[in-house]
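We've got the same protein chain twice here, in two forms, each standing alone as structure tokens: structure 1 and structure 2.
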Structure 1
Amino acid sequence: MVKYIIKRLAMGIVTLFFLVTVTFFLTRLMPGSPFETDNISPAILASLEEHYGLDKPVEEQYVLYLRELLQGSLGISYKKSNVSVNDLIKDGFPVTLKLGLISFGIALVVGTVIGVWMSVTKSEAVRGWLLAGSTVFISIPGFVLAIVLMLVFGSELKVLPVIFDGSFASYILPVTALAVYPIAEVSRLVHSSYDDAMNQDYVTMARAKGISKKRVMFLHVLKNALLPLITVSGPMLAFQITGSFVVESIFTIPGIGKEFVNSVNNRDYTVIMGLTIFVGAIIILANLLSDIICAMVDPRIKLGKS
């Protein structure tokens, strides 16, 4: 077990290093100097480039960047010279995280309930409608849902605020927009794994021993049916974060998703680089955790082998 965790941690560090390197060199490949658009004299341009260390050879810049990164600094914005990427993250990430975790939690609970319902219902019609509904909801892009919600509940009915201000009511629309897709995904996953678990021998065994049907269904089967959820929750969290890019910019939520979209539109290279590395690191960490938890919970997973 310990060996497995160490191995996975080492993989995570290699991945992180790969991410930093790729991001760094790709950002250097981007055309033009980041300051060119500002209509400034060559002398000022040169001094600006010196200030940010852009006059040095690329390898040296890379080493410098790595050193700063190890000290926990993600660099300073090219566009706003008094703002560091760390500040942007410090301000924005709590908001994104809160939004992400709430919608993620709702998705897990609601998705599981619907998934189990799909499996245990005796009515073919109910199952059919739930399945069709989940197909409909995984077919609607997040930004479309966000806009429809905003138009209907914000602009037409005027029951919920369209601009985020941190109040409870202003959380409802963005959280819904973020949660619907994972709800549909989780419910389908739980449905199929629940069906698989129902056909296992231990279910017959437990029933034969006289354990009530309810207890078997909700204790024995559910516990096993939820295992695949742990595996997918890492990638799902990644989806939540990238999904927040668009939801945050639609509802003007001051999170890192909005900062990211802004920095891309402004071509603010250090911020793009810093946020890419940060988001990537979060996702690597999430995958790592879900793998380790999965290995701890499920002894069937051969340790050290994938």
Structure 2
Amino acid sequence: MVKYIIKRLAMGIVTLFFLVTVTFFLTRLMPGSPFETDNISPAILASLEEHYGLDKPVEEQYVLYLRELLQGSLGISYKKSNVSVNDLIKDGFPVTLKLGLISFGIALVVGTVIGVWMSVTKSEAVRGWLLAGSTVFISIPGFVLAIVLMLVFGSELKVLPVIFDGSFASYILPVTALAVYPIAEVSRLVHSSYDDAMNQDYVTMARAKGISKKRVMFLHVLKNALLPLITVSGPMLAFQITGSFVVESIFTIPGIGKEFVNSVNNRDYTVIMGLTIFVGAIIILANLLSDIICAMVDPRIKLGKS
């Protein structure tokens, strides 16, 4: 397993390198300058670009950025004076992480319950409604649902706050907007894997040995049915953390998502780069973690041979 982890980490570093390279040159292709405004003179604009090294050839800028990156520095924001990208992540990520973990936990629990319910219910009507609901909600983007929830429960009914203030109530709408899609995805995945597990030979043998139906369903079937869910949990967790960017902007949540959206609008190159690298690292580590957990749960998986 150690050899596999080292191999995956090496692949992750190579992936991050390509991500850094592609993102760097794409930001430089963005039209205009980070300091360009309607009331700034050409002389001041040139002075600012010289101060931040934007007057140098793009290849030289790239080398200088890599040197800073290897020293652990993600640079200084062009729009926030003397504020480093490291500090922006340090201040904003705890909020984004909390929001992502809450929605992720809710999605796993509720989605699993609904998926098992779809498999064990004897009512075709109930199964049909649950399947239809999961199909509908899996097709609705989170930011669209966020706007709908804001309009209905914030503007019309006025029962929940639409501006995030850190209170329990202010978490309800953004968490709901983030959790609905993965709930639908998890429920469909668990439903499919649970049905497959129920048709396996070990279930028939267990029942033939006199093991109770409930014991078979929850001790044997559910354990094997959840393996595909564990496989996708890593990417799903990364998506919950990074997919909150637009939702954070809608509800004015002070996380890294809001900073990322603002940095794109403001052409703040260093913030775009820093947050992209940070998010990429999260996705790589989350995928690695899910693979390791799968191997621990199912001994049949041999990571060293992957």
Partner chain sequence: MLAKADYFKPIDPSLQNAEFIAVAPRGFWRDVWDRFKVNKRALIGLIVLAVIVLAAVIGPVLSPYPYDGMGTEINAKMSLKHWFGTDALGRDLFTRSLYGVRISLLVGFLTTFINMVVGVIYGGIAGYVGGKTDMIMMRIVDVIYAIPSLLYVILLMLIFGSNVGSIMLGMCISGWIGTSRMMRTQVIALKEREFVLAAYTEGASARRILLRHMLTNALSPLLVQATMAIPQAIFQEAFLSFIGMGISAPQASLGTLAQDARMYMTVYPHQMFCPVSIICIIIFALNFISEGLSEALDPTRRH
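Start at 1 and count along the sequence of structure 1; that gives the residue numbers used here. A quick note: this is a predicted structure, and the numbers were derived from the prediction, not measured. Just so we're on the same page, rigid core means the largest C-alpha set that superposes within 1.5 Å between forms.
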Q) Here are two forms of the same chain; which is the form predicted together with the partner chain? A) 1
Q.
My question is whether residue 281 is one of the residues whose C-alpha shifts by 2 Å or more between structure 1 and structure 2, given a fit on the rigid core.
A. no
Q. Does the distance between the two CA positions of residue 266 reach 2 Å or more between structure 1 and structure 2, the core being superposed?
A. no
Q. Does the C-alpha of residue 135 move 2 Å or more between structure 1 and structure 2 once the rigid core is lined up?
A. no
**Q.** between structure 1 and structure 2, C-alpha offset at residue 23 (rigid core aligned, Å)
**A.** 2.9
